[in-house]
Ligand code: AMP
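Single chain ahead, written as structure tokens, the form predicted alone.
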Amino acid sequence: MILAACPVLPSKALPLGDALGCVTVAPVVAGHDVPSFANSAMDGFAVRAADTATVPVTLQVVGTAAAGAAPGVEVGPGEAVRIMTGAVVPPGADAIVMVERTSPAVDGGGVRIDVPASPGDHIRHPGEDLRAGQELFDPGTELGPGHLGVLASVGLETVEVVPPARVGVLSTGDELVSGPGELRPGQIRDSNRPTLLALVARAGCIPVDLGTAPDDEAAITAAIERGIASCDAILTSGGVSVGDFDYVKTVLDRMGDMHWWQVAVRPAKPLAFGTVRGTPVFGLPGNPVSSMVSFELFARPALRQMTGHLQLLRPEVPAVAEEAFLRRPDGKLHLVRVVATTDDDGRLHVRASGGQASHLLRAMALANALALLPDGEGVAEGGRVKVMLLT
């Protein structure tokens, strides 16, 4: 239901400098060969390979070829041209001898070649990397630094991609405060909003801070309206559990089409989702660990779909339990915060990162994976367990 309500955003031509992590929507084609001319892969001397069949041999140096310069003097029989890396191979030359395999001629007027060369040695040929008209990347490619370098190498300044989603993050609750200062009785510092803003950024989206709203219908409405006006999706935390004040529920039910669920997982059982005027809204639980786990399970895959990614879910891989992960049957999937390490044989091992209560944020911060314990008695020490990798 969530994915069906989170379609891919319209594509946009972005400058290469803004396209890191974005996903292509159409084939990207090279407009010219790369490299576009034969050039030297080494500092050395451009020669005719036939002149080096018997070594050592002394050749007359008739010029210098520098990177960025037009082709210069032609290399004739018994001649060589000093050449720099990236310079155009001069006419007549068919090989490069690296400078480390040469020495100055005794008379100072030439260069002694100490090793024989073969045609093509240390020459980068036109189109060796890319051919004009070649498809560089398929649609659906997530652009990394290397991809952007390839696009720049064929002269592209922009690329058509799915842009990053703007995702608003709102915390709700009278008990929440931010920043330093002494806490009054009943107050807690808002950790969910900084955490969720960071998770949004790490998911490749643009975080938009909608602030903190008290348990007040007008304040929550105003914050949601700001989000609808400027964001592609909204995350709220707090006010979705049974027994909570229902201001968030009242506002969202009035503004949009919402679903209020109890999901068979622990932590992160309460979850709300729906759309407000077409904008997806995720109501995440207020407990810090629960909000993070809910984001990983439900919001992150949807945001990745909205931004054109084909791989929506975190990888799930088998691991060895370094300690017993015991539990009681309760009809739920338990997600245990764990630290995963790899042994010398390449096997993944996991151990608990700390306490597992849903308010213990440090243990979640130390975890790099979630161990997935299906309903039952758990896993004994040394047993096999499936884990969801978070990094």
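Owing to the predicted nature of the structure, the values given are computational and were not obtained by experimental measurement. Residue numbers here begin at 1 and follow the sequence given.
What comes next is about the form predicted in complex with the ligand, which is not displayed.
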property	result
Heavy atom of Asp246 within 4.5 Å of the ligand in the predicted complex	yes
Residue contact check: Thr307 to the ligand in the predicted complex, 4.5 Å heavy atom	no
Contact of Ser294 with the ligand in the predicted complex (heavy atom, 4.5 Å)	no
Touches the ligand in the predicted complex: Pro164 (any heavy atom, 4.5 Å)	no
Answer option from Asp190, Glu142, Asp121, Glu160, heavy atom within 4.5 Å of the ligand in the predicted complex	Asp190
Single option in Pro285, Pro207, Pro90, Gly227 placed near the ligand in the predicted complex, where near means a heavy atom within 4.5 Å	Pro285
Partner-proximal stretch of 197-205, 164-172, 72-80, 92-100 relative to the ligand in the predicted complex, 4.5 angstroms, heavy atom	164-172
